[in-house]
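Before any questions on how it binds or moves, here is one chain, the form predicted on its own, in structure tokens.
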């Protein structure tokens, strides 16, 4: 166990050093959330005051956080795929280390990076006058909810890193997944405003439960039943992805 922890730590440090040397990657990942918060939040501000009865940027913030978690977690497997393509992954798998540590180290690095980005977005929201109704405890809860969503999505990304043939395919999957997952949820408008067919899909979309729970923490306060519903939905999603991912990755790491 101590050996595994040491190997995982080494893999994590490797990815954190990689992130430190290429800070542009984090900045690039923040472009879309910042654009949404500044421009989309400003463009629909007047409309939101009439239909939602409040500040649209505050309403939009949970959707931006969930979109950041989803997008960053989905892209988390891309560096592993690059390692596959240039032979680094094969050399790592041939080394006398636990192969699971390679995956766990990457998983931890992705989620640490995601939480840093979420904190930056929350700080930017504060600059625009957004206040979290549940205070500091609510901020910690927002990060925890983001981790629950990020867990399952990161597992999907790691699966894609092993089953796709090249990084071009991965970028294609990434390009067609983030926006549909966001629009087929309550990220930008209430579910009641969506057509019925979109509402049905949104009900099975993990992002909907994530966003609704986050929104209650930002706008109103602690809502026990809603948080429990979110926790159950995301734990079911994470468990299903962990089970499926374990079967797929075990076969590819053999």
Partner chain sequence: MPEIMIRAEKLRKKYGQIAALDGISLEVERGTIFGLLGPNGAGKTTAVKILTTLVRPDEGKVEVAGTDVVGDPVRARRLIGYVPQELTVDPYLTVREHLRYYADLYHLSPALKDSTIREVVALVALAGYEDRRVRHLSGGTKKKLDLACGLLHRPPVIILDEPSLGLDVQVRRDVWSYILRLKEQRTTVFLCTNYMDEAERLCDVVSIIDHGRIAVTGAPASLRSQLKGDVISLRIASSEDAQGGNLKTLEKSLSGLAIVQGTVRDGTELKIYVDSNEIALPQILQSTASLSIPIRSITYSRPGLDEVFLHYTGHPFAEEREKDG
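Numbering follows the first chain given and starts at 1. Keep in mind the model is a prediction, meaning the values are calculated, not measured.
Note that the form predicted together with its partner chain isn't included here; everything after this is about it.
Contact label in the predicted complex: residue 10 to its partner chain, heavy atom within 4.5 Å: The answer is yes: residue 10 has a heavy atom within 4.5 Å of its partner chain.
Touches its partner chain in the predicted complex: residue 95 (any heavy atom, 4.5 Å): Result yes; residue 95 sits at the interface with its partner chain in the predicted complex.
Contact flag, residue 87 vs its partner chain in the predicted complex, heavy atom cut 4.5 Å: The answer is yes: residue 87 has a heavy atom within 4.5 Å of its partner chain.
Proximity of residue 167 to its partner chain in the predicted complex, heavy atoms at 4.5 Å: Answer no; every heavy atom of residue 167 is more than 4.5 Å from its partner chain in the predicted complex.
Segment assignment from 138 to 146, 79 to 87, 119 to 127, 173 to 181: heavy atom within 4.5 Å of its partner chain in the predicted complex: It is the stretch 79 to 87.
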